[in-house]
Every structure is written in structure tokens, then in C-alpha cells.
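Just one chain is shown here, as C-alpha cells, and it is the form predicted on its own.
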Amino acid sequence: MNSMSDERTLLNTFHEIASHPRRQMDQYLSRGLKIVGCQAPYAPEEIVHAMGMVPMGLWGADMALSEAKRYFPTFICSIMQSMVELGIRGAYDGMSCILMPSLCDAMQATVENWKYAVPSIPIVYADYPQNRFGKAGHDYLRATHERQIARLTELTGATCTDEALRQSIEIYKEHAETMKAFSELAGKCGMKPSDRSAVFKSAWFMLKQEHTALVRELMAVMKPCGEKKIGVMTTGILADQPGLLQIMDKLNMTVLCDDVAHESRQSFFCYPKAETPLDTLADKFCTMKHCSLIYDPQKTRISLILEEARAHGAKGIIFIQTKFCDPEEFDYVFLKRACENAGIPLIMIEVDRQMTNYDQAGTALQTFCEMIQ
């Protein structure tokens, strides 16, 4: 088998996992492992991992909504709505519980709705401090993690030791570094956006050490695509919509780098050295920046996007706006102004978990490509 067929076989594996997370979940359950749903993007997966359970990311799904509409107004994030819809329909049956941080108004509203809509799966809520830069923020978050551990132990019987958490943090650090390297290589090789997305998306449904090994196997056989591509940068909360990715594939685009919460934004953080691994985990969130969901008065995300786009030679930036995501909408104004001043082409494409027709997006992206080639 040649390297190209090896690459395609591995990419098909990533696509399979990304497209059918329930199958992956059932495999873990068959191995006797417990599953904890982790509401993305910043639930403390490391704690779940250290307790010997499988953290599985919750991002909802592209689907028609019916039951969830009884609990939400129409003008709220479809990620939250589709997550509750999946819960009502039984897609998460088998999970021991779910973890949800309080990062936006939609998440806060979802907590109480979940209790009534999906009473069979307990929810472990965590109120994260937005004013997190001082000692008080760190101490509050550490106490929050301690409460999460206690509740997880109560619900599952699993325990968390310092040594186990330390090992899990190392596994997550290794995965973050691997994904950084993969992103760089994917851009250089001109990988199709749909393939790149599948590699990132599958990470949410796998144990991180297993995903790291699979990504490294893929990187070992990746080769340049051999054709000219239009290199762009993407930014937003989500960029996994099949309809949108197919359009980007057809337009011969390749993603050179991204600032997407579902993708590379997961590797922008660090794990500062601290007295205990729990302190390290608290400091991880307290030092995070570059995200619309986290208080950052200097809006460092905007300068980071421009720096990354320049450094990777992106022809333009695609802002993928999740409909009704207010934090992202606020940031778009700052980014648009910064791109205009820097002379970097920018386009905003609005997406929704209920969206089925991408014709308008396709026309806009085709025009954008003609402008930046």
C-alpha cells in the first residue's frame, strides 16, 4: 500500500469517528468505560480523564429542531438547542453525566432546561470566574474544580488523585502540541478543508492519547496535494458544517491556520507550573485569552488573528459566525475594522445547526475567492 492510500485510509477513519460519535461512544461503553459529556469548549476534560472516564465533547449536531424548541426562544444559539434535542432523543443515553461551564448566557440558560428536558442524565454545572486574573479568581476556580470532582465521585464512584491528574495534564499537553504540528503540516500539504475538519472534530470523541497516536500516524504519511490551493484562515466557534466544507473543497481552498474554538483554539492555552496539578488546571483557565467567550478587555484575539494570517500567508480570513452567538458578533466588529486597516480581506459567513441550504454562502465564497486569488 502506497503512502497516498495510507493517508486516505487514515482520513476515512477520522471521518467515520467525526460523523458517528455514537458508535465511538458505544465502543468505549463496551470496554467498560464510563462516559462524561463535556460541554465545549472549556469543560475540564483533564479531570474526567484523570478519573478513568472518557470525556466526550458536546457540540450539538446539524439537525432539525423540534422538542428543544419547547425550552428555548428562537433567538438562541443552535449549538445549545441541538444539544438538548439530542439529549431528549436519547443520543446521549449511556453517559454518566455531563459537565457544563458558565461561559455564555446560552449555556447558563441550558443548565436549568437540561434538568427538566433530560432528567435521566445529571448535569454538573460550574460557574467560572470571568474576572480571573488575580488570586481570588484562581482560588475560586480551584474550589470550583474541587466541587466538580466531588460531584463526579458522587455520581460515578470514580476518584481523582494528584498523580492521575498530573498524568492526564501531560497527555493533554502532548495532544495540543500534536494538533499544532498537524495544523501546520495540513496547511503546507494543501489538505482539503473537509479532511482537516474531520481530524480536529474526531478529537472530541476519543481519548486524547488514542487520538494523538492516530494523528501522528497520519502525519507520517501526509504528502503535498500537488495542486495550487487558495490558502485562507478561518475563525469562529464552529467550522464543521458539511455543506460549507464541501463548498470550500470545490473552490480549491485550504485552511493554512485557524482561530476556531472547535479546532486550534484548544491548543492556544498553556499549563503553567504550579504547586499541585489542580492549581495548574486552574491557572490554565485563568491565563487563557484570545476567545470571545472569555473576558479579555484588550481583545488580544484580534491581534492574534492578524498575526497568524500574516505569518501563514493567508490570502484572506473567513469569519464563520454561529447565528445568535452574541460574543462572536461583538468580536466581528473589532476584527472587521482591524482587517480593513491592515488590508487583509475578510468575509463573514453565518451558519446555524439547522441550516440545510448553503447556496448563498457558496456564492459569497466564490466571489471572495475570485477577489483574493
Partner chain sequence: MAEEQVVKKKRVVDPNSAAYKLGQITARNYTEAWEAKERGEKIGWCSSNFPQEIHRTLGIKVVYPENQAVAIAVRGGGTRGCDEAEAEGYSNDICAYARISAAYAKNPHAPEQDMPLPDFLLCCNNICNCMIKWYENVALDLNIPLIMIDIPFNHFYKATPEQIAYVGQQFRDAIAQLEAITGKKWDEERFREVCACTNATSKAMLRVADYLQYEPSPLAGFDLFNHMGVLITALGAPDSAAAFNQLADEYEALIKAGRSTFRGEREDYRIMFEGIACWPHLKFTSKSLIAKNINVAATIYAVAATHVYNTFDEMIASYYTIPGAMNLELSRDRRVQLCKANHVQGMLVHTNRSCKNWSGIMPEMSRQIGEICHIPVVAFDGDQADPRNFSEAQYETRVQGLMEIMQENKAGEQHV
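Positions refer to the first chain, counted from 1. The structure presented is a predicted model; accordingly, all values stated were derived computationally and were not measured.
Same protein, other form: the form predicted in complex with the partner chain, not shown, and the subject of what follows.
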query	finding
is_contact(P119, the partner chain) in the predicted complex, heavy atom dist at most 4.5 Å	no
Touches the partner chain in the predicted complex: G137 (any heavy atom, 4.5 Å)	yes
Contact flag, Y295 vs the partner chain in the predicted complex, heavy atom cut 4.5 Å	yes
Proximity of T178 to the partner chain in the predicted complex, heavy atoms at 4.5 Å	no
Option touching the partner chain, based on a heavy atom within 4.5 Å in the predicted complex, out of S194, Q266, S96, S102	S102
Of K323, K315, K34, H312, the one that lies within 4.5 Å of the partner chain in the predicted complex (heavy atoms)	K323
Site check R70, V111 and Y125: each within 4.5 Å of the partner chain in the predicted complex by heavy atom	yes
Which of 239-247, 103-111, 225-233, 78-86 lines the interface with the partner chain in the predicted complex (heavy atom within 4.5 Å)	103-111
Partner contacts for 138-174, taking the partner chain in the predicted complex and a 4.5 Å heavy atom cut-off	Y140, A143, R147
